[in-house]
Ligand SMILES: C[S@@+](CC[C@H](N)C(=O)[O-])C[C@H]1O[C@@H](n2cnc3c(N)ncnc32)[C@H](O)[C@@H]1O
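Quick heads-up: it's one chain on its own, the form predicted on its own, in structure tokens.
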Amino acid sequence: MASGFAEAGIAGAPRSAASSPGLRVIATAGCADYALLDSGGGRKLERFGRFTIDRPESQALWRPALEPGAWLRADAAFKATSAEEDGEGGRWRTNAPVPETWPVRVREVTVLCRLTSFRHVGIFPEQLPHWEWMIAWLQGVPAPRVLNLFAYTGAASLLAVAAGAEVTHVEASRKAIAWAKQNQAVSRLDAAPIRWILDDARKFVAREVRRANRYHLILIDPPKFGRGPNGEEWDVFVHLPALLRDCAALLATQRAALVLTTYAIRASALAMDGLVRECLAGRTGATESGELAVIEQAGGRLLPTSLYTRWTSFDER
């Protein structure tokens, strides 16, 4: 699994850890079962396992590198409805039979992909560098406990348990949890210590604070907007600060880390960096922020996908 890395600092005024962090771009070339083949014209052409998918991507402002025929031969293409922002809603057009689900291998686990009505297929490959980092980091933690919030179809949860962690998987969608359990079964991790929680992330975390529970690693991957299982509203700009403050209270006193990823929002990596630093101001640790990107095969361009902030505690032993 290949990952490429590039870093960019901030020029201008004198830097300090609190006021002018260096921003980093973490890019991945994918893995054996995934590749970004081309991008441009507001779309991206990807290979998931044995199928080629053409989907909207507003960040792809340039022209495609491949000839049009390569795009026309895609097994499936998503057509967004004009009423939906960022192409989230729409329908698929298929050029060949695509099964309801098909397997994509990610390191030690298998994820079942499917064509959903909101353009996603069940896995976010740009997270590969985070997952690789997580697996390596967990090796240095005795009996690690991981909290995965907004956990979706469970790729991170399964990779964490495969690395020896005990995982609490929190997701507001019953369908997503069922999908994650299917991924657990095809990954042959049925006996793995995963606690499946159908709940609103804010409510669950608040209860865990009251219970004085602790986790070594907390993964937070929230949507821009969403609903809990009982209709609870989620707005990342309104609710993320309080959630992060509660998560800070759940971190273990030694050997702790937190990874925040935000998608499709009008914000800066600097804003996320500042918020995480504020919420963890009482802890000694290192904060790294920037963007996740995927390296395109055809032109070698970096397609930006999301913002991230990763905090790790200093070894207090």
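Residue indices: 1-based, along the sequence shown. What you see is a predicted model; the values in this text were computed from it and never measured.
Note that the form predicted in complex with the ligand isn't included here; everything after this is about it.
Novice: Does the ligand get within 4.5 angstroms of any non-hydrogen atom of residue 180 in the model of the complex?
Specialist: Contact with the ligand, no.
Novice: Just to confirm, residue 90 within 4.5 Å of the ligand in the model of the complex by heavy atoms?
Specialist: Residue 90: no contact with the ligand in the model of the complex.
Novice: Given that the ligand is not shown alongside this chain, does residue 110 nevertheless sit within 4.5 Å of it in the model of the complex, heavy atom to heavy atom?
Specialist: So residue 110 does not count as contacting the ligand.
Novice: Hey, in the model of the complex, does residue 127 get a heavy atom within 4.5 angstroms of the ligand?
Specialist: Yes - in the model of the complex, heavy atoms of residue 127 and the ligand come within 4.5 Å of each other.
Novice: Look at the stretches 69-77, 96-104, 199-207, 159-167 and give the one with heavy atoms within 4.5 Å of the ligand in the model of the complex.
Specialist: Selected stretch: 199-207.
Novice: With the ligand taken in the model of the complex, which residues across 203-227 come within 4.5 angstroms through any non-hydrogen atom?
Specialist: The stretch 203-227, when checked against the ligand in the model of the complex, contributes 221, 223, 226, 227 at the 4.5 Å heavy-atom cut-off.
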